[in-house]
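Two forms of a single protein chain come next, each set out by itself as C-alpha cells; they are called structure 1 and structure 2.
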Structure 1
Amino acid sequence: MEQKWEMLSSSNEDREKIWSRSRTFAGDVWFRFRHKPTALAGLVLIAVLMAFAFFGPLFTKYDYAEQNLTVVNIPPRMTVYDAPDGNGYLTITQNLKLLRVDQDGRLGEQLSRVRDDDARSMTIFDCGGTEVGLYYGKTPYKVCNPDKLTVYHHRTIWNRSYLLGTDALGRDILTRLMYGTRVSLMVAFVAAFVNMIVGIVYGGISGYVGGMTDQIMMRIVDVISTIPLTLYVILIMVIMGSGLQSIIVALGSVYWVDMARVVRGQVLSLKNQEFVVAARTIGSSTRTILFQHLIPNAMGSILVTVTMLIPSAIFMEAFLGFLGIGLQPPLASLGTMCNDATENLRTSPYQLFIPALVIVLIMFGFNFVGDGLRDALDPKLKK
C-alpha cells in the first residue's frame, strides 16, 4: 500500500521558515483596498470615466465646437409625429421648424416652409408634397393636418443621431461631455500634482530643518490658511485671464497648504528614527535624506491627501466655470456645461442633468478611493 502520510523533516531550519508567501507593503495595501467594495467601485468608476474622456472622442463623429443651428436643443428622447407621406417621423425643433426623423431615430433634413397662417397660429410646411401644419397656439406645440385640423399620431423615441441630445448652439452633448470630462480631470490632476510637489518641498524642508526656519515657515502657512482661498483663485483668474493655464496655475498655487502640513508632520515623526541617523552617519546629504529616505516613507499620507485634493480641484474648476470665469467657449468643461445649461433649464433640463451627473460620479469615485486608500494604508485608523 502506498504511503499516504510522510514525516516532515524536523530540522530547526524548516521550523523557522515562513511557509506562506510573503507580501510586500504595496501588496498588503492592495489586498485591503480591493476587499473594500466602495473603494473598488470608486476605482472602476474613475477608470471608466477616464476611458470615456480620453478614448471617447475617437469614436464620435462630431467635434466639440461644431455648431449646427438647425438642430438646436434636441433632447435625447424626443416626441415625434408620423409623417403624412409615410416616410418616417417629424419632430418640432425649438425654433419652430419641422425636422424629418427616420424610423430608427436619426435626424434628417429640415422641411421647407410654405406659408404662415397667423389666423390659426400655424406654420405650414411641405412634407413630400403634402402640407402639414405646426400649431403653436398653445404648448405643447403639435403637428396637424392643416385642412382637417387632426393631430397626427405621436410617440417618443430615442435620438440616434445625438445620443445625449444637442445644446443651445446645436453641438453634440455627448462629444462635449467627453471633452469636458477630459478638461476637468486634466485640470484636477495637474493642479493636484503641482500642489503635491510644492507641499512636499515646503513641508519637507520645514519639518527636516526645524528650529527657527520651521517656526517662520509654519507661521506663513498659518497666515495663508486663514485667508479664504476661493477669493484668491478668482483674483488669479482675473489677472491671468480665463483659460486652461490660468485655472491650473490658480488651483495649483493656492491649495498646497494642507499638503505642506501633512508632509511636515510626517517628516517630524520620522526624522529621528534609526534609518535617518544611519543615513546621516554615512554622510548622506540633506537632500538625499529628505527625498530618498523621508519622503518615500511619508508617501502613504501624501497619496491620501492627493486623492482628497483631486475632487476639491474638480469642484473648484466647476465652480469657476459656473461663475463664468473659467474656460472660454467653445472649450467645454463640466462646470461651463452646467452654466450654459441653466439658461434653458425649463425647456431642456437634460442639458444640466447630464454634466451634473458626471461631476457627481467623479466626486463619488475619488472620495471612495481616498477613503479606501486611507483605510488600506493605515488599518489602525479604521473605526
Structure 2
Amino acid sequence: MEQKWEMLSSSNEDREKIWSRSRTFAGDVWFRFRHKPTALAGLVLIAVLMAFAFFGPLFTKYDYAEQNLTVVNIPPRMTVYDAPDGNGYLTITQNLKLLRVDQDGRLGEQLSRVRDDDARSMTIFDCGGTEVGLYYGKTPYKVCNPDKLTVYHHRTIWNRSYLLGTDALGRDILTRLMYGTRVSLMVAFVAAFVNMIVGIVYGGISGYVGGMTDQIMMRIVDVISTIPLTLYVILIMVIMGSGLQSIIVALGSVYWVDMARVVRGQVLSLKNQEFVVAARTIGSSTRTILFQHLIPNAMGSILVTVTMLIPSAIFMEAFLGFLGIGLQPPLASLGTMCNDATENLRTSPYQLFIPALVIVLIMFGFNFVGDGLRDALDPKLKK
C-alpha cells in the first residue's frame, strides 16, 4: 500500500519558533518591562528612595527639627587641624569657633575662648591647657600657634557625626532629607491618586456621553487649565491656612485635567468598538459599560499618565516650597530645604545641591518607569 503521509522535517530552531510559553497580559507586560534596562533601573531607584524616606528615620539619632547652634553649617567633608595637645583635631565653625574632632571624624566639645588679639586678627582659645589661635585676618581662616604664628598641620576628613553636614540652624541635613523626601513623595502619591480618580470619572463620563455634555465638560477643563496653579495655592492657603493639606488640596483640584483629557480620548476611541456594542445589546447599563469595559481597556494609558503626573507633582511641591508658600517651619520638604539653602549658597553650596539631587533622581526614576510602562503596554511593540 502506497504511503500517503510523510513526516515533516524540523529542526531545533523551528521548534523554538513554534513553541513558546504562554503568558497572561500582566505577565507579558512585566516581561517587556523588565527587559528594558532604563525602566528596571527607574523602578529600583524609586524603591531605594522610598526605603530611604520611610525607613531611614528609624536608623538616625537626630530629629528633623532638632537644632544645635554649636555645629552650624558644618560641611560633610571638613578641614581639620592637628590639636596641639595630641587629642584629635580641631575644626573651624562658621561663627568663628573651634570644635574638637576625634580621629574618626566625630564632632566633640567647643573650645573655650580665652581672649581676643585684635592687633594680630586672632582669637585665642584654650585647648587642654595649651593656647591656640584662630587667625581671621584673611580667608581661608587658619588655626595656628599664637606664639610662633605657625599654622598647624591640616587635612580634610569626612564628617562622621553629620554625614551630609548641618544647615544654618545646626540641624542634620541627612535626617531632614529623609523627612523631606517622605513628605514630597506623600504629597505626590496622594495628589496622583486623587487626580486619577477624578480624571477617570470626569473624562470617562465626558467621552462616553458625548454631545453637548462633552462640550460643556471640556470647556470647564479648559478654564481650569488656564488659571495658574500658584494662584490656586494662594487662594486655598487664604481659606485653609498654610500647611501640607493646602498643597494636597491645590494639586488634587487642578492636576486631574490632564488625566481627564487622556481618559476622554481613550473612551472616544473605544466606545464604538464591537465589545461595547455587544454590551449594549445584552442590556448592560452605562455604568457597567464605562467602568467594567471601557476604563479597564484604557488602563494602559491611565497608568502611564499617572507615572508622569507623580514627578510633575513632586516638582510643583518643591517649587511652591522654594517660593516659601509651601510647608511651614520646622517641617521639611525638598522644596523648603532648597529655599533654606539659598541664604548660604556661596559658603555652603552642599545644602542646595543635596536636595536638588534627590529631586533630580525622583524625576529620572518616575520618568524611566513611565517610559517603560508605555512601551510595555503598547501592543504594537509586542514581538
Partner chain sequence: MFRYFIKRLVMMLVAIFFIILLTFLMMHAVPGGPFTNDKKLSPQIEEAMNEKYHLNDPLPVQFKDYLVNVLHGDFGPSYKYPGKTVNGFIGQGFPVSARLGFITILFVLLAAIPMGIVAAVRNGKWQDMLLMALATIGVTIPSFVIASLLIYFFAFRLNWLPTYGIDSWKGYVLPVIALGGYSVSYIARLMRSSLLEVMGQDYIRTARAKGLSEFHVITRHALRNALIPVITVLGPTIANLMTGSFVIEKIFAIPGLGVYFVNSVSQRDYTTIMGVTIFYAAFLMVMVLIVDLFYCMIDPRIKYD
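Predicted model, so just to flag it, every value in this text is computed and none were measured. The term rigid core refers to the maximal set of C-alpha atoms that superpose within 1.5 Å between the two forms. The first residue in the sequence of structure 1 is number 1, and each one after it adds one.
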Selected structure - criterion: the form predicted in complex with its partner chain: 1
Core-aligned C-alpha movement of Glu274 between structure 1 and structure 2, 2 Å or more: yes
CA of Val233, rigid core aligned, shift of 2 Å or more between structure 1 and structure 2: yes
Core-superposed comparison between structure 1 and structure 2, Gly211 Cα displacement 2 Å or beyond: yes
